[in-house]
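Only one chain is included here, represented as structure tokens and corresponding to the form predicted alone.
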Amino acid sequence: MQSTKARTRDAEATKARILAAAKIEFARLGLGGARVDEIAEKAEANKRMIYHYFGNKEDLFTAVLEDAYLDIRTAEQELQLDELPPDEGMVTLIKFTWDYYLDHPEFITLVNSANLHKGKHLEKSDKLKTASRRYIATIQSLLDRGVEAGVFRSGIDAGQLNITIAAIGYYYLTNRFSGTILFERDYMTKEALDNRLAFNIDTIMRVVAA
């Protein structure tokens, strides 16, 4: 007979496979286009398991969004920005955000999909609200230390700065296809990406500079 510990491990492994498969499908096709049958097949599970562990398709979408947002929030905390000089910490955060978007294109498409549904799948997630408050507090601490050190100006709202750091990378990548055509330049060559990161850093550091 299988032990309780083994059954727990199997259940956690199955849930992880379902989440991974669902993340791919929701990122590729959105909530409306993704099919539970396809997710179950790719997760090497069955629909009954998906409904047992996650509820309906909308509940699974919520779980995927929560997992995706918590991934980036956790990675941000691992930067340990409080241990860096404020200007170095700010540059580190800008670089991290840009690199994360490049390395996790599914995150951008999931965010797009969440906003297409007006964020209703995030409303009940206390985990995300807690993680987001912690992240904004980290940015605020960075700003406060920068003001104290004389390198940042006072009065900058941490929430607004977060939006700007995210937006200057997010917009570039979500509009890379139309931009490449309309402005007749390849947005995704190494040189173009390096230039964009340098521009992002320069822009944000000018915004916060004393």
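What we label the rigid core is the largest C-alpha set whose atoms superpose within 1.5 Å from one form to the other. Since we're looking at a predicted model, the values are computed, not measured. Don't overthink the numbering: it's just position in the shown sequence, from 1.
Not on display, but discussed next: the form predicted in complex with a further copy of the same chain.
So in the predicted bound form, are I18, N56 and T74 all sitting within 4.5 Å of a further copy of the same chain, heavy atoms only? No, because I18, N56 and T74 lack any heavy atom that approaches a further copy of the same chain to within 4.5 Å in the predicted bound form.
Would you check, heavy atoms only and a 4.5 Å threshold, whether G32 touches a further copy of the same chain in the predicted bound form? Answer yes; at least one heavy atom of G32 falls within 4.5 Å of a further copy of the same chain in the predicted bound form.
Contact between Y170 and a further copy of the same chain in the predicted bound form at 4.5 Å, heavy atoms? Yes, Y170 sits close enough to a further copy of the same chain in the predicted bound form that at least one of its heavy atoms falls within 4.5 Å.
Mark I94 yes when one of its heavy atoms lies within 4.5 Å of a heavy atom of a further copy of the same chain in the predicted bound form, and no otherwise. The answer is no: I94 has no heavy atom within 4.5 Å of a further copy of the same chain.
Heavy atoms within 4.5 Å of a further copy of the same chain in the predicted bound form: does E123 have any? So E123 counts as contacting a further copy of the same chain.
Within 163-195, the residues that have a heavy atom no more than 4.5 Å from a further copy of the same chain in the predicted bound form: Heavy-atom contacts within 4.5 Å come from I163, T164, A166, A167, I168, Y170, Y171, Y172, T174, N175, R176, F177, S178, I181, L182, F183, E184, R185, Y187, N195.
By the 2 angstroms cut-off, has the C-alpha of E184 moved between this form and the one not shown once the rigid core is superposed? Yes, E184 moves 2 Å or more.
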